[in-house]
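One chain is shown next in structure tokens, namely the form predicted on its own.
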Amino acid sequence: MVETKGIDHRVVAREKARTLKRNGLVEVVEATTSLDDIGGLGLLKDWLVRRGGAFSASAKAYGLPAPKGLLIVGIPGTGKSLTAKATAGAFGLPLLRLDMGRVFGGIVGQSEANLRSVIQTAEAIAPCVLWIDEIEKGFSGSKSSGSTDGGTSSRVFGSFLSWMQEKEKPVFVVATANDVSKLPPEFLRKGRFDEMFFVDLPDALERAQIWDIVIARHGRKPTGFDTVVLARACEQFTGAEIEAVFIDALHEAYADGREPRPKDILEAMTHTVPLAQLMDGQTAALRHWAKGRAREAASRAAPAARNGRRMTEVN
């Protein structure tokens, strides 16, 4: 955690942000999400916890350089964005969100100027976490930029890479990506980010944890449901799909004037086709790409646990 010495750095950061973000390029997000709000992903959460103190004065005196950032790739709905939000809470730093689509403007030179403004804002608020969601959408056209936009995307991408490599201010960049194939190879080179994690579909143990979190988040007691059975019944579901199923069950129960029952949840599952089934080819390709290139975000105790047949292992 950051050493405050009587000063709340998040309050100071918010005041700075109100002054600096008049152009609307970055958004100050209240970091109300904690690592406890994430089901599974034990290895990724442990990595974040162990680097939580790296922005402190004692770490600087120790000679420890501030962490640069983290790239999280994986299947949509598996908690990448939630982890980005929780990172700021784990580090005790303010959270800025950057939409790369806002950086690109139609006037010559505007895109480059916007990126410089973003960097200036982040560095003025530092130490902070800069969250870039679905970063591949912002940089996917950099390869063909010369023939499509006069080289603007390529120049912005190059400037961003240079800043990532050489930045001295403690701005921790958390980038998420669903389709890593659209990212230029030089973006993935070691040194841009401290680490790259791959988030796969949750296994049975993780799904049970997600059910506990989702049920509690919506004001019900997880002990009122057999989350082990629910976890077995929703193989290949992402965390986002699990929450959508529970909300569907809540709607049905509310319409009948009663509390949700396990039958409502199981019925909602039958009407849900997991994205992993709809995009099985893309999912397999992403897993193949990540093998040997990215660290697993979750520990996998045994293949049986992943298939939902063994619930006694601990993550």
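What you see is a predicted model, and the numbers here were worked out from it, not measured in a lab. The numbering used is simple: start at 1 and walk along the sequence shown.
The form predicted together with adenosine-5'-triphosphate (ATP) exists for this protein as well; it is not shown, and the discussion that follows is about that form.
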### Query
With the partner left out of view, is Thr87 within 4.5 angstroms of adenosine-5'-triphosphate (ATP) in the predicted complex by any non-hydrogen atom?
no
### Query
Any of the heavy atoms of Glu243 lying within 4.5 Å of adenosine-5'-triphosphate (ATP) in the predicted complex?
yes
### Task
Would you check, heavy atoms only and a 4.5 Å threshold, whether Glu30 touches adenosine-5'-triphosphate (ATP) in the predicted complex?
no
### Query
Taking heavy atoms and a 4.5 Å cut-off, does Pro170 contact adenosine-5'-triphosphate (ATP) in the predicted complex?
no
### Query
Among the candidate residues Asp46, Asp280, Asp37, Asp256, which is the single one with a non-hydrogen atom no more than 4.5 Å from adenosine-5'-triphosphate (ATP) in the predicted complex?
Asp37
### Message
Considering non-hydrogen atoms and a 4.5 Å limit, which listed residue (Leu71, Ile210, Leu230, Leu93) is close to adenosine-5'-triphosphate (ATP) in the predicted complex?
### Response
Ile210
### Query
If contact means any heavy atom within 4.5 Å, which of 154-162, 188-196, 117-125, 74-82 contacts adenosine-5'-triphosphate (ATP) in the predicted complex?
74-82
### Residues from 164-184 in contact with adenosine-5'-triphosphate (ATP) (non-hydrogen atom within 4.5 Å) in the predicted complex
Asn178
